[in-house]
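Presented below, as structure tokens, is a lone chain in the form predicted on its own.
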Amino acid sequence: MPAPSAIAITPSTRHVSINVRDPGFYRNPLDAYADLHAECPSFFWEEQQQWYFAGYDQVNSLLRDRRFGRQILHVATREELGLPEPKPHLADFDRLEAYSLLELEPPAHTRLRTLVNRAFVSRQIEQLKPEIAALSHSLIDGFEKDGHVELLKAYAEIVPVTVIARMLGVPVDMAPKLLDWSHRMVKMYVFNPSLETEHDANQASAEFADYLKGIIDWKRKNPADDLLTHMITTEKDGERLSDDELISTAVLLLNAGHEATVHQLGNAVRTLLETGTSAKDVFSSDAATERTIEESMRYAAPLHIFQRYALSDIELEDGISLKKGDKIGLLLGAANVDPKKFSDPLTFRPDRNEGAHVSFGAGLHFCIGAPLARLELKLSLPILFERLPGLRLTSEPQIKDSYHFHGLERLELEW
């Protein structure tokens, strides 16, 4: 159970206090989620001052509910909603967010997603199999003889950032810089970022956008068989993407295309080793591998919260009243361990077959990169365990203090 200070629940009012900086919570939020499921799966989170939902059916339904959206200023003004003005020191970060596929609603979202989607359908992604497998083997070649490795830096980070950079047509030797910009930007998505974090994320956003603008200008004169060229040249109803849309989409794909996969790869390796799961058994066939990966995404999801705005005044079935502009939080990580959906949910069972998790979201904003993330995991995980059959933990994995991203700081292994 989490430490007493981590979570306090008042079932009669459905008010909950959670200290996200308490190691008892962020190291293992699943125990706290079990308490929420038992007491009040929909609750008002005191520290965040908004309603959150933990039940699988609620989260799955609200992700698809078109009365909620990722943005609100397309249906109301800041004045109407009493929202503060944008912070001037976040202008570059906000510019990228304003044109981000993740933040848009139809019709802008529909147009942008249609132009990007073709590159991420399963039949396109399947063509990357030889490249991902070769990259995985090549990286292991580099550290196999050492007998030990810190897996995140040497493997888990490099596989997804290299793949998405190649897909986009961004030079792979820029990977360290891309990772640096991305790490600095995603710190904005945790609760209450500091002023220092805000300034640093804005600086990273400006540098990232400036770099991509140069790449886009070059590709206009030197088209190639890559995703950036495709996005530059493809039209829908006579329209093409603007530079702002191109840059924001490339940033989103680079950030989302590796941040979550890095966490998921690290979380999956940690889970397999800590639970003493036989890699030989769980990777014995394609079907077994796919089930294992889906279970690792359910049990150790990399992203635990997705937020939405109420686009109008809404009365939910469980008596919760929302005003237009209110934000709600959907606890993906909690929905994945709802005992009403999954039997013995806090147990890792690689052969589980009880329906889909919600780690990729659902509905309009279902993760566009899901086929790519699944393929990267399906190849890189079995190859790692096949090449290093004696793989074991050197020390207890260090978990990031960054709820609502759930991942590792370091993963020290030996064989």
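Keep in mind that what you see is a predicted model, and the values were worked out from it rather than measured. The first residue of the shown sequence is 1; numbering continues from there.
Below, we refer to the form predicted in complex with ligand HEM, which is not included among the displayed structures.
In summary, the region of this chain contacting ligand HEM in the predicted bound form, judged by heavy atoms within 4.5 Å and restricted to 203-211, 257-265, 318-326, 136-144, corresponds to 257-265. The single contact residue among 365, 27, 349, 37, judged by any heavy atom lying within 4.5 Å of ligand HEM in the predicted bound form, is 365. For the residues 184, 113, 166, 341, the 4.5 Å heavy atom test against ligand HEM in the predicted bound form is passed only by 113. For the three residues 149, 298 and 381, a heavy atom within 4.5 Å of ligand HEM turns up in the predicted bound form in no case.
Among residues of the shown chain, residue 63 is one whose heavy atoms approach ligand HEM to within 4.5 Å in the predicted bound form. Using a 4.5 Å cutoff between non-hydrogen atoms, residue 32 does not count as a contact of ligand HEM in the predicted bound form. The shortest heavy atom separation between residue 302 and ligand HEM in the predicted bound form is within 4.5 Å.
The closest heavy atom approach of residue 272 to ligand HEM in the predicted bound form falls outside 4.5 Å.
Looking at 95-113, the residues that come within 4.5 Å of ligand HEM in the predicted bound form, counting any heavy atom, are 101, 102, 109, 113.
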